[in-house]
Structures are given as C-alpha cells and as structure tokens.
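Taking the form predicted alone, here's one chain by itself in structure tokens.
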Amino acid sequence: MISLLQSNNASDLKDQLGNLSEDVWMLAPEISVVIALLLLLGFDLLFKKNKEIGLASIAFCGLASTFVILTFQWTNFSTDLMIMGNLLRYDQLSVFLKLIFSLGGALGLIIAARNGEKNNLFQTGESLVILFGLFLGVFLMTMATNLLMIYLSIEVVSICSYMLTGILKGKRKAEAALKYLLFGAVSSAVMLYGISWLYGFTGTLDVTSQAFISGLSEVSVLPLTIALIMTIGGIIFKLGAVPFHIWSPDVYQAAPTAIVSIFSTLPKLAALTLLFRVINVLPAGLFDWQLILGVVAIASMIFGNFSALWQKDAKRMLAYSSIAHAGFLLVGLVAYTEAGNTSMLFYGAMYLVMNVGAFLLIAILERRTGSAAFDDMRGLGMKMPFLGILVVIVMIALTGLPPTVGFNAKLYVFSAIWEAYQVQNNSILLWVFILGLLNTVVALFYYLKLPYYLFFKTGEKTVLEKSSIPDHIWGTIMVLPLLIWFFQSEWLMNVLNSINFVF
C-alpha cells in the first residue's frame, strides 16, 4: 500500500514538472528580463569604473530581446492557457500589455541617457537592477489570476518603486520614498486582510475556479463588499487613483524624470489589468463594483484636475494629471462592455506614449534651466521654438484635443460609457460621462500653462545648455506618433478588437 502511494505521488510530481516545463515558453519574456537583470548585476560586480556603456548595452539589449520574444508570441498566438498551476494566465491581453511595457521601458531609458541622468542610472547597476525587477513585477501583474500571485506581483512592483524613489542621495528623495513606503505598507496590509477574507469565504485563492465563484455566491452582501473593497484597494493604490493617491506628487517631483516616466505608466496599466481580471470573474449582482469604481473615477478626475490647476512645477503638475488620467482609464472599465475594454486599452497605450513624451520634453527643458518650475521656463519657447512646439503638441494630446491621438482616446472611452448607459440605464454611468467631459475642459487650463510660460512670458533665467539636434530628433520621434495615430487609430483598434476578453 505504501509503495503504491509513493508510486502515485512520484507520478503526480512527474506530471506537474512536465506541465511546468511546457509553461516555460509562455514565460520566455519574464526569463529574458531575469537574465538581463542577472547580467546587469554581474557586470556591475565585475567592473568598477567606466561601466556606463556596458550597463546601457545590457539594459537595451535585454528589453530588445524581450520585445522580440513578445512579438513572436503575439504573431504565433494560438489559444488562452492557464499556466504554472493556474497561478498565471497566458493570453493576448497579457502579451499586448507586455509589448507596450517593453517599449515604455526602453523609452524611459532613452530619457535617462539623453537628459542628464546618465550618471544616476548608468554609472552603477543598482538602479537598473531594481528597474528590471519592476519590469518583472508588471509582467507578472498582467498574467496573475491567483490572489497570492496578485499580491506578490504588486509587492514586487511596490518595493522596486520605493527603492527607485529613494536610492539616489537627497533629502527630498528620501522623504518622498518614505511617504511612498508608508502608504504602500498600509494599502498592502489592507489588501492582504481582504484576501484572507476571500480565502475564508471560498477556500481557494484561484479567482478563476468555480469554487471561488460559488463560494462568493453564498456570502452575504456586507462582508463580501468589505472584503472586495479591501482587496481592490490595494490594486487602486498602484493605479494611483483616489483615495490612494497622496504619495504621487512628492514622488513624481523628487524621483529622477526617467524613473518617474516608467512607474507613472507601467504599474498603472498593470493594475488596471488586475482590476479587469478580478471584476470579470465576480458573479453578476453580488457586488455593485460599477458604483464604487465609478465614484473612484469621478473623484480621481475632479481631484487630479483641480489640484493640477494650482501647481507651479511641471513634474508636480503631471503627478496630479496622472491621478486624473487614472480616472479616465477607469471609465472604459466601468462601462463593462467589449467596446469599453477596447477603449480602455487604447487609452492606456496612448497615455503611455503621451506621458513618456511629456517627461522627455520636460527633462530636456529641465536640463537647460536646472529646474522644472514654470517660472524658470519663462520665454524658453522663444529661444528654442522647435522644442516649444513639441511641448505644445504633447500638452494638447494630454488634454484630449484634435489633431492628436489624445482626442481619439477620450472619444473612444466616452463613446463606450455613453453606449453602456443607453443599454444598462445605470445612473452612475451617466454621471461618469457628464463629469468626465467637464473635467476634460478643466484639464485644458493647466495643460496649456506650460506653453503659455514658454511663449508668452519673459524671464531672465540663464539657459545652461543650448538645444541640440539629437534632442530635436528624439522629441520628434516621441511626438510624431501622436499626430499620425490621430488619422490612423483604426489600425491599433483593429489589433485590440482581436483580443479575446472573455474568461
């Protein structure tokens, strides 16, 4: 009898190992990121001086190889699969997001290489190693379907973000990192407590299992609502939406611009994906998540936009605007339709391009004046008209006006929420639609503040460095797609429409 049990256990273990080995191909992008991380760590330990070129080469090659692998996965995708013992889900949604994450990471490193932060990021490998750890975390966030894996992937991203904020010297950076850590620790504890409730209700951590769904159906409304709010709260913290937004302004202002451009976009989109996955498995009628997320979206848009109006620093303004954009990203999710899902992804992809472009141009201006304050950028557009025009285009795109792709992004999400309201007749959808449109008008006033200071104000601030041709080239590369995709957005929408959102 004992020998029979041992034989069965050995057979089960062999089958499990065989299944895990088959899952390795689906995790090839993550493996590529880990290899790059280890190479960065090894190179940093082996060489003591003049490491910038080597570290930069490893970092860019690591992201390039990851991008190639993801492209191959996208073009050869066959079917959705649950992998690693149902901890992760391999599907088109995760592959698409990891593709744009790789692109966003590469753009962030370009900002670091081009805009005066070379010594900070490339002189030693610590920042790059932590940054690749963040890439690994957001990759796993896009695939996680188990509550434990959801928590662990969020923690990987959070810990890396705390360290990237405070790893460089400076009192402001240390203060921002500590504030980020404290708020993160609280939200993490609340989320973990909510997960423990859900596990107690269902007896499983797999949100896609029938046991999880049926277990939730047997729970009364009040404890289920409390548990889900606590769990979703941890995800909203990474999204940077109200009420888990307080860390954003100080972190954005203190951290290096290249680092901020990355973790102001990638974790947001990854958190949005987690919200999408959790919400789509909830039984209908058990939990009014549309009301809760609708209120969060409205509060984020109002608080973010009106707070941005009073800012005197460009990076701090973008911090508050990112809170508002978190609300706009939630609009597509609240619609709870296929059109809403597609518009949400389109908005997220375009927001990544717009936001990274904005940080690139602000970093260029910051290098020339030594500050990101509006007062120090007075008249800079007249001295560098080409860069000033690029700034105007990016700010118009972030506002959501034509002829930029920002207009298309807002048009799609508001069209989706309006169509959803006509079908579902849910009053919260109407409020999200109306207040979202009004907040788009509010955003116009603060996004055009920077162009106003660049072209219509005069100042005596000394320009430390003249504009260069490479700056013009990289600025053009960042801005040109915002104009082209205004006329050719159907191509990306067709790609997004091919994604299967059904679980």
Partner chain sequence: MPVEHLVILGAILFCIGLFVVLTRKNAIAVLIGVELMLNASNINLVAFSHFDPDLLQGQVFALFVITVAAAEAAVALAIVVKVYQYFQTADLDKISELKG
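All values reported here derive from a predicted model rather than from experimental measurement. Numbering follows the first chain given and starts at 1.
Same protein, other form: the form predicted in complex with its partner chain, not shown, and the subject of what follows.
Asker: Counting only heavy atoms and a 4.5 Å cutoff, which of 187 to 195, 273 to 281, 359 to 367, 98 to 106 contacts its partner chain in the model of the complex?
Answerer: Selected range: 187 to 195.
Asker: So its partner chain isn't shown here. In the model of the complex, which residue out of Leu93, Ile298, Leu147, Leu387 has a non-hydrogen atom within 4.5 Å of it?
Answerer: Among Leu93, Ile298, Leu147, Leu387, a heavy atom within 4.5 Å of its partner chain in the model of the complex occurs only for Leu147.
Asker: Note which of Lys268, Lys410, Lys179, Lys315 lies within 4.5 Å of its partner chain in the model of the complex, where distance is taken over heavy atoms; exactly one does.
Answerer: By the 4.5 Å criterion, the partner-contacting residue is Lys179.
Asker: Please determine whether Ile167 contacts its partner chain in the model of the complex, using a 4.5 Å cut-off between heavy atoms.
Answerer: Looking in the model of the complex, residue contacts with its partner chain include Ile167, since a heavy atom lies within 4.5 Å.
Asker: Contact between Val353 and its partner chain in the model of the complex at 4.5 Å, heavy atoms?
Answerer: No - in the model of the complex, heavy atoms of Val353 and its partner chain never come within 4.5 Å of each other.
Asker: Report whether the minimum heavy atom distance between Gly203 and its partner chain in the model of the complex is within 4.5 Å.
Answerer: Heavy-atom contact with its partner chain at 4.5 Å: present for Gly203.
Asker: Answer with yes or no whether Ala254 is in contact with its partner chain in the model of the complex, where contact means some heavy atom within 4.5 Å.
Answerer: Although its partner chain is absent here, Ala254 would touch it in the model of the complex, with heavy atoms inside 4.5 Å.
Asker: Using a 4.5 Å cut-off on any heavy atom, which residues of 44 to 74 would contact its partner chain in the model of the complex?
Answerer: Stretch hits: zero.
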